[in-house]
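The chain that follows stands alone, in the form predicted on its own, written as structure tokens.
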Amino acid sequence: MELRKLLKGSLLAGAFVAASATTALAEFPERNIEVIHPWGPGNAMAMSQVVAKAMGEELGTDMPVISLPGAAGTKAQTTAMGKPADGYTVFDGYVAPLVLQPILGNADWNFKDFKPLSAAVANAFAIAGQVGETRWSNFEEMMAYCKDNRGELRYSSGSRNNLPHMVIAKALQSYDCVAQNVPYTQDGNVFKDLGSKVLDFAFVNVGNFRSNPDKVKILLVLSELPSSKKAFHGAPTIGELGVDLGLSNLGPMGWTWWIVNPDTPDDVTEKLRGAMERAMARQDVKDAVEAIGFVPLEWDHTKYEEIVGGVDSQLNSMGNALAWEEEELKKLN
């Protein structure tokens, strides 16, 4: 009789624990979920707010986007991953902190160290020249001019040693074009100096281009994706010109995959994944993202290792493009 009572009590206790676990899962999220964004206010943050708002609607909670710029995105990623692994902190994982900075030795993690939710967006890059340029009419003619006039041309990739700098340096190296990179902190100054002929060409993203479509001529889209070509009004792409950078898919682009701490419970992770995938599939979200100047991506978490791993491998194999540029410029001094 006592054994029967003990077994009955154990069964009741087990049922209570199971019911409690089910209730806990059903109640997630019980409060706001923070999205840690690695850059300052601007188009990238506005895009993240669009995705976060839609994802929050799918989950029935608010998802404020918190800006934590600094250290090429690693400050924000370190902060986000230092939070409890409970699903209430999501990191907006751009290529710079997630892949590029570890390659450069500025971070001690690998993209495999995190749980992916879903791909979000890409920010296509292009090389833009001056309107009314008379020395050349297209990218290949500019490269021929550059090869014959080593060190004469000046360009900007924004800041030094960022992803656009690496990609442009690789493109120039493939044509044996040596040019001087001029760093800028504000995009507006780049467009002003292109117009006044202080710069010969420059990196631009889709948002820059849409804000200044009449102030630049797009010479080359640094991506093979059809969506990138469309974003730059049909300008020629690296694939069409046969420019072999050793980069494909997201390799030559800025992009973000949203990720969480690897210790986040699987059931919570799956709920976050489902909400983000539904949000990214919504037409209102796609329209809003494109209006800001980004390209919505359609890869779910199952493609993370294939796509991001490919970028990691490609950027690692790009080797010495930046070092080559620096050494060639030294030879001219």
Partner chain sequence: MSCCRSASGTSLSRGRCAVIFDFLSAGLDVFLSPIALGLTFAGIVVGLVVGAMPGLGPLMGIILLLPVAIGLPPVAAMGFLIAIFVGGSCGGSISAILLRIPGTPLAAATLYDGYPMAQKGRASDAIGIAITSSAIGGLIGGVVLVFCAPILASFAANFAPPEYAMLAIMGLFAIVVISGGSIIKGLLAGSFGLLISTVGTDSFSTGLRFTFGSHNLLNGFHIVAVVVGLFAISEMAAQMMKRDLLKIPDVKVARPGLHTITLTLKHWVNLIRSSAIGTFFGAIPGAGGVISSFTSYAVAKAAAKPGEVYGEGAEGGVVATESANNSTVGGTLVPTLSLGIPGDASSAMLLGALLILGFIPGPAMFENNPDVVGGIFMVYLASNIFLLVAGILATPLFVYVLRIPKVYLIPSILLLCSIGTFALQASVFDLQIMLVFGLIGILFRSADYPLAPVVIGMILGPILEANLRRSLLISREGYWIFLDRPVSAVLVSINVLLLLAMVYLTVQRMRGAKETALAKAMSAED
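Whichever C-alpha set is largest while still superposing within 1.5 Å between the two forms counts as the rigid core. Positions refer to the first chain, counted from 1. This structure is a prediction, so every number in the text was calculated from the model and none was measured.
Keep in mind the form predicted together with the partner chain is missing from the figure; the text below concerns it.
*Asks:* If contact means a heavy atom within 4.5 Å, which one of 120 to 128, 156 to 164, 247 to 255, 228 to 236 is the stretch that engages the partner chain in the predicted complex?
*Replies:* The contacting stretch here is 156 to 164.
*Asks:* In the predicted complex, does each of 102, 264 and 273 have a heavy atom within 4.5 Å of the partner chain?
*Replies:* No residue of the spot touches the partner chain in the predicted complex.
*Asks:* Give a yes/no on whether residue 189 approaches the partner chain to within 4.5 Å in the predicted complex, heavy atoms considered.
*Replies:* So residue 189 counts as contacting the partner chain.
*Asks:* Can residue 173 be called a contact residue for the partner chain in the predicted complex at 4.5 Å between heavy atoms?
*Replies:* Result no; residue 173 lies far from the partner chain in the predicted complex.
*Asks:* Using a 4.5 angstroms cut-off on non-hydrogen atoms, would residue 288 count as touching the partner chain in the predicted complex?
*Replies:* Flag for residue 288 set to yes.
*Asks:* Are any of the heavy atoms in residue 141 no more than 4.5 Å from a heavy atom of the partner chain in the predicted complex?
*Replies:* Judged by the heavy-atom cut-off of 4.5 Å, residue 141 is well away from the partner chain in the predicted complex.
*Asks:* From the list 113, 108, 240, 152, which entry has a heavy atom within 4.5 Å of the partner chain in the predicted complex?
*Replies:* Looking at 113, 108, 240, 152 one by one, just 152 meets the 4.5 Å heavy-atom criterion.
*Asks:* Who in 36 to 55 is close to the partner chain in the predicted complex, meaning a heavy atom within 4.5 Å?
*Replies:* 41, 42, 43, 45, 46, 49, 50, 53, in sequence order.
*Asks:* Core-aligned, is the CA shift for residue 152 between this form and the one not shown 2 angstroms or more?
*Replies:* Residue 152: C-alpha displaced by 2 Å or more between this form and the one not shown.
*Asks:* Does residue 135 shift between this form and the one not shown by 2 angstroms or more at the C-alpha, the core having been superposed?
*Replies:* Yes, because once the rigid core is superposed, the C-alpha of residue 135 moves 2 Å or more between this form and the one not shown.
*Asks:* My question is whether residue 107 is one of the residues whose C-alpha shifts by 2 Å or more between this form and the one not shown, given a fit on the rigid core.
*Replies:* Result for residue 107: no, shift under 2 Å.
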